[in-house]
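Same chain, two forms, each on its own as C-alpha cells: structure 1, then structure 2.
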Structure 1
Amino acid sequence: MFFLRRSLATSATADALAIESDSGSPAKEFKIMSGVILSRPPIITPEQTAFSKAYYHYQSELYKRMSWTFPYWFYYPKGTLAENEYTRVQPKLNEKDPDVLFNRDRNSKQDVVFPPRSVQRETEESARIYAKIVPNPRTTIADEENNIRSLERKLDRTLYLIVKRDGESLEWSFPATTIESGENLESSSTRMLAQYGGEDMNIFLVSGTPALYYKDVYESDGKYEGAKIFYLKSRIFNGLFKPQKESGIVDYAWLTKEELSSYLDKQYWRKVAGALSKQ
C-alpha cells in the first residue's frame, strides 16, 4: 500500500508524534495520523418499497372507511348560499339506498368535495398563496448526470467524501493528515479539512473520539514502517468541498457505501466498511 506515502513525505519535517521505540536502533516506527470520514446526511426519506406503499395505501383506506361522516351542516349552515354551493358540487348518491345518510354511504368511505374558492379580486399575493403545492422531484440534475462531485446526488442516502492525492500511486481514500506538534485528533482534522477543501464548509465534528482505525504498512524502506490512522466522523451541512491548490488533491468524490466498494482498494475497503452506514 502506497497511497498515503505522499502525505507522509511532505510533512516529514514536521515534528510528528511517534511511538517511542524501546531499542535505540534507528526509528522504524508507525506514524500516527488523523483522518476524517466526512459525510452528507440524507436529505429525503428512503425510497418506499412496493409492499410499504401498498400497506400504507391499505391502512389509509381503512382509516377513511371508518372515519365519521363530514358534518357539513355545521360548516355550511342551513339556508345559506354556502350550503347551496356545497351541495351543488357533491356527487349524486342513490338517495333511495337506506345506507346513505348525510350524503355518505355508511358502508364505504366518504370523499368530501369542497366547493371551489370564490375569488373577487385575485392578486399576485393571493394567487401565490392559493397556488397548488407541487412537491419537488426526488431526483435531481446531479442524479441524471451522475455527477459524483455534487452534493445534490442521491438525496436519500449518506454520501461519503473520498479524495485522491498526488503521490506515487494514486489511490482513493478518506482524507487523512499527519498530526503536527501541539495538535490532537480533533484540531488536526479540522485544520486538514480547511487545508484540503477550503474554509467554506459548514462542518460538524461528531466527536473527538476515533470511530475507525486503519494500519497502513509501507512496503519500501523509509523512515517509518507504516502509519496508524485514526478517523473521526463528521457531517457537512452547507457549502462545498473545493480542492485547494497546495493541498495536492487531484480528485474527490461524494459516494454512497456501495459505490465506495468499487472505488476503494480492496483491503482498505474491508477494514473501513463496518464503520459506514447503509442508508
Structure 2
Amino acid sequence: MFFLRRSLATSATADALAIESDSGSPAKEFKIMSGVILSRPPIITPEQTAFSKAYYHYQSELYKRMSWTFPYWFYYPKGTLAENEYTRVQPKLNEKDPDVLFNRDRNSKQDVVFPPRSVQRETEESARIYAKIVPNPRTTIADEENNIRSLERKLDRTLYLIVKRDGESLEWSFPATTIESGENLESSSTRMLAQYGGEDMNIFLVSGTPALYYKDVYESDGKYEGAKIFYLKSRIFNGLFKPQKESGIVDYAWLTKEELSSYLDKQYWRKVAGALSKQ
C-alpha cells in the first residue's frame, strides 16, 4: 500500500498521550488508540440547484444575444454550391429593418439552420465531428444496486469508510486500533489500514494532527475503563479496501454523511458529525 503524508506533522507517541490526574498519580487507565477517517472525495461536480440552472440558462441566452452573427461566409464560401444550399434553408427576414443584419434579427438570439448533409458524401471523420455530444450518466450501476461496498457510487459526494469488527458489539465505526509501543498516530494508522484493508490502496494522510478526539467508556469491567481515540483524516486515491482474514472485519461500507447517521450509534454520530464534509 502506497502512502503520502505531509511534513511538519505531529508525532505524538502512545507514551506522550498518557494523561495524568491533577494529583500527579496516573489517571484511570484508558486504552490509547489511533483511528482514520478515510474518505473518497467527490469525482464529479454536484448536481445543480434550480437557481443554478436558471442562472446559467440566463447567462447562456444573454451570451447568444450579445454574440456576433454566425460567420456563414467562412463555412460556406461565396459563390459555391454550399452557399446556395445554406441560403436556401434560411428564414427570410425583412432586410429593410434596421435591426436585421446578415439575415439576423439582433433583438433575439440567432438560430442557425444548417442544410442537410448528404449521407453518401459524409465521411467517418465528419460524422464524428458533427455527432451530438451525449454526457455520461451521473448515476452508476453501483447506485442502481445500492452497493454500499463500492467506491463507484454517489460520484458527486464524499464517501467515508466505516467498518464492523467482530468482538466490538458489532457496531459500525471508523477504523481504529491500539497504538503499540514506539508508534505514533501516523505509523499506527498506516499499519492499521494495511492490516485491515490490504495493500491494494493508494492512501494520502492529510495531516498528523488529529481531526477528531473520541472518548469511549466501556460498560463492562475489564482491564481498561475505556478508550481514547485520536482520528486522522485520510484520502483514498485508487485501489480497493479488501478486509483481511486476521483483521476481524466482518463488514464495511462507503457512505455519505447523511447515510452515516443511520448506521452509526447516536452518541458516536453526534461526536463525529462535525468532522465530516457537507459535500
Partner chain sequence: MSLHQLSSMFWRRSQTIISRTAFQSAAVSRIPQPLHNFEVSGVKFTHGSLEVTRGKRTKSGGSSPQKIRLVNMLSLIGRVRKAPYRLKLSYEDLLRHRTIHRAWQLVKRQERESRNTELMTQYQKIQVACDELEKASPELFAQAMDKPKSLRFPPEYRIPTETPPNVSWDSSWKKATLPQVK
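Throughout, rigid core stands for the largest set of C-alpha atoms superposing within 1.5 Å between the two forms. Nothing here was measured: the structure is a model prediction, and the numbers come from that model. Here, residue number means position along structure 1's sequence, counting from 1.
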| property | result |
| --- | --- |
| Pair member that is the form predicted together with its partner chain | 1 |
| Is_shifted F74 between the two structures (CA, 2 Å cut-off, rigid core) | yes |
